[in-house]
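For reference, the chain that follows is the form predicted on its own, supplied as structure tokens.
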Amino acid sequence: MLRREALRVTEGDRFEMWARAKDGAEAEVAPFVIREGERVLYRIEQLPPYFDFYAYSHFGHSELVVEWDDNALDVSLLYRFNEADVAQEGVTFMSLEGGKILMNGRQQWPQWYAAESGRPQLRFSPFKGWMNDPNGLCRIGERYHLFYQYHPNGIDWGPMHWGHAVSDDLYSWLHYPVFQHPERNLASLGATGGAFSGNAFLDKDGSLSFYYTERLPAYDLFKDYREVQKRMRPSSNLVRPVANELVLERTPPGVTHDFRDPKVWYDEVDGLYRMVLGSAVDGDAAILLYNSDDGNEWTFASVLYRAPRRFREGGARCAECPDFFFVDGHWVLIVGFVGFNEAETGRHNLLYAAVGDFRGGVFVPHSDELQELDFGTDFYAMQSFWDGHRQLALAWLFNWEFRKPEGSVYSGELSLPRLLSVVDGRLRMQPELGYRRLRQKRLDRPSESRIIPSLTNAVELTLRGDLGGVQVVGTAANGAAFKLAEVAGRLIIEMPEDDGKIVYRSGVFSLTQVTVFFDRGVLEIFANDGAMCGTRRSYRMADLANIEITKGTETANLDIEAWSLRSAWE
């Protein structure tokens, strides 16, 4: 059915849309047209069977008429914006429903984000579509910029774009236009690939660029694909790329595939640009080091780190999403081992850190033992950045163990922002304190071990004191429950999905303090001021109706503090 609706526009308004022909549709007219009076300004004459990208920019003040064929047009994502006010308003999402054009701007986002019961409220998630790794994290002026792996055409992993959002406080986000697209439309080739992970780089002169991996059209997710490194320069308002060049394509000896996720910095001591890349060398997960005199021409320097044999034996295909940074007088290497399964617990795709020294292009860890960063495992692909004062990080809350149920418009969330430090030779991660501005009501009562939260709010719970043997059970309105317990010097997490085949437990330590955030199915745990962390994601409990806290002994001294937290989107 042909639909029409008038739309007021101003000079500079831009519309971006991903659309395809509906299955079996035979359009009798052009499926999408923009008119000014009788004059056609923009027309899609015929749609392909795969999602393709379309854009229209308007140069004038007028009332337009948008025509579309409900029976022929399938739209995955549609929005409008104007570069004159995008920094204040972001984009306005649009949907073609019931013969109407529905607008969803920043004023409507709180309602949109609250409407889905299982969508976390403290953390960033895309408006629609699939999201995974955070990319290009940086602070420019007073604003934080988040780029992220994004597939706009479904809630499953697909051809990778870079989504984009900005924030003043790392909690309340403003959606920007999709920033980076794959080099070509991979859907038209029946292939995967696209704009993979990378980092933001501020050069010596203060200019900003992004290094990232482009996976060229691939027909196998695990072998025989090609990955190259690119340098992308953004427009002055960071709305779109204005230059993009290939800077590294050849792999060193022993590397056949998995050559990706650059982290670039300038080494002032040695006067070199440096890059680390995740890879595998002769089958061992490894981090590669490259050097450059200008940031464009790169030379392989060395294998910066090669994982012990147990990771290869445990199924690790490669190292990915490496991070390498200097904080508190130490160099810290972050690495994830994709495909690795820990035999003792069954956990997989764990994230690790090594703290050490870096001189003359050589990294020497203080210890041969890697530090496990998050014993819950749903904290992965972490990327950190220096905001001018602090080393901060975000990670993807997903680990392929449990898939999101059908029926949602999106998939994927990020962790709470974390503040990184090195204490006693180990990396420590604490929640960035901006969450305290979201506190609404204190929930705890003296001498009570039961807490009744608001079903719609996130909850923050902190325990201090004699925590040996302590147990926290949180129960949802549907009866599903999580359990957090200290058992023989370890923290153990159990979620409703667990069947006992995988044991989510920490290393051995002496627990004196623990803060727990529950946010519509996401559980983030910070023990001993971030010395031990654990993250889990459940799709079976979207609220908390009751929290029961049980002390290890009747005489244990326990201090409880609990808060409800409002949505960061409000």
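We number the residues from 1 along the sequence you see. Keep in mind that this is a model prediction, so the values were computed, not measured.
The same protein has a further form, the form predicted together with a small molecule, not shown here; the description that follows concerns it.
Checking 124, 196, 311, 298 for any heavy atom within 4.5 Å of the small molecule in the model of the complex turns up a single hit: 196. Though the small molecule is absent from this view, in the model of the complex it lies within 4.5 Å of a heavy atom of just one residue from 157, 325, 410, 266, which is 157. When contacts are judged by a 4.5 Å heavy atom cut-off, residue 260 counts as touching the small molecule in the model of the complex.
By the criterion of a heavy atom within 4.5 Å, residue 132 is counted among the residues contacting the small molecule in the model of the complex. Using a 4.5 angstroms threshold between heavy atoms, residue 92 stays clear of the small molecule in the model of the complex. At least one heavy atom of residue 149 is located within 4.5 Å of the small molecule in the model of the complex.
With the small molecule omitted here, the record of contacts in the model of the complex names 313-321 of 313-321, 98-106, 83-91, 433-441, defined by a heavy atom within 4.5 Å.
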